[in-house]
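Quick setup: one chain, the form predicted on its own, written in structure tokens, and binding and motion questions come after.
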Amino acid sequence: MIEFRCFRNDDPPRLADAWRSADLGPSAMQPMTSALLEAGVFSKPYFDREGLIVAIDDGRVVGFAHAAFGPNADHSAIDTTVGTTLLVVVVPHAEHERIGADLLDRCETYLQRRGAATLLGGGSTEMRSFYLGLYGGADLPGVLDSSPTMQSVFRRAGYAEAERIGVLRRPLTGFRPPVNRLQLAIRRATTLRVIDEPARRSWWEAATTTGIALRRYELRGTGESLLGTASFWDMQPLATAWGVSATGLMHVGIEGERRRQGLAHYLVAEALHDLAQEGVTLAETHVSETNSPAMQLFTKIGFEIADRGTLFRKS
């Protein structure tokens, strides 16, 4: 008989075993360990044991699911009005579908009990509460197409597609930024600064990126005015498991009145060139497929779709 309960302190080794046994696809960290789960999940200041539901069959963990929340408007605290079930992990089992459905149902109950009026499925750039670097690559991409078993859990439960997220990658070996009149003009008029381990800009950024190596590139103009920033992180330990040195582009922002002047293209290309010079061989970023300007930007720089994910929503 399958039993369900919330997380206990002696669970991490058995959760790691379940992760290793489940078919989560190539963008899930393998082999999973208790130490990795501690760093990416249990150590977060907002971790709530009641939101991590564990399925037990005859004393063995056969699955788990994790429900969580994202930040409020100013990223200073958790907002419990929107909740998501980040992952539903189930090992090969005769009752696989029922275990997944029951885990998800219990996550929904937890989220609603905490006040969630909107239920999502999967993580995203905004809802990256846990598992950054453990599932999905450069960021959380909903539930990946390369994890079809997990996607089916949400679809059977009545979740619909809310957003499609593209996972874009570009090899960096020998990368050179484009040279044209516009790019040369920007180079003459700006300065590019590199800041390793920059001060986190909000409580939420600090909570979600503590423990990873973050690098920020700042593009500054006349009088040291800030024109834009691009934030990357060293995708460890996932990149090591892939056998490459990879960087994840988490954010690109250009000041409002300076947009559409080629600055984002210049900033990202120069940052990638700098990283390539340091031996980074692969860059990855995630983009909503409805964000046409961003998709066009990365396509021009040579990024290609490597996978896609779906952020689900339940009405």
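Just count from 1 along the sequence shown to find any residue number. Everything quoted here is computed from the prediction, not taken from an experiment.
Absent from the display: the form predicted in complex with a small molecule. The rest refers to it.
*Could you confirm whether Q30 comes within 4.5 Å of the small molecule in the predicted complex, counting heavy atoms only?*
No, no contact at 4.5 Å.
_in the predicted complex, is there a heavy atom of the small molecule that lies within 4.5 Å of any heavy atom of L263, even though the partner is absent here?_
Result yes; L263 sits at the interface with the small molecule in the predicted complex.
*Within a 4.5 Å heavy atom cut-off, is L282 in contact with the small molecule in the predicted complex?*
No, L282 sits far enough from the small molecule in the predicted complex that none of its heavy atoms falls within 4.5 Å.
*So in the predicted complex, does any heavy atom of S21 sit within 4.5 Å of the small molecule?*
Taking the distances in the predicted complex, the answer for S21 is no, it never comes within 4.5 Å of the small molecule.
_Among the candidates A39, V61, I254, A276, the residue which, in the predicted complex, approaches the small molecule to within 4.5 Å (heavy atoms)_ = The option sitting close enough to the partner is I254.
*Scan A246, A269, M250, V54 and let me know which has any heavy atom within 4.5 Å of the small molecule in the predicted complex.*
Checked against the cut-off, the match is M250.
*Can you pick the stretch from 286 to 294, 65 to 73, 22 to 30, 39 to 47 whose heavy atoms fall within 4.5 Å of the small molecule in the predicted complex?*
Residues of 286 to 294 come within 4.5 Å of the partner.
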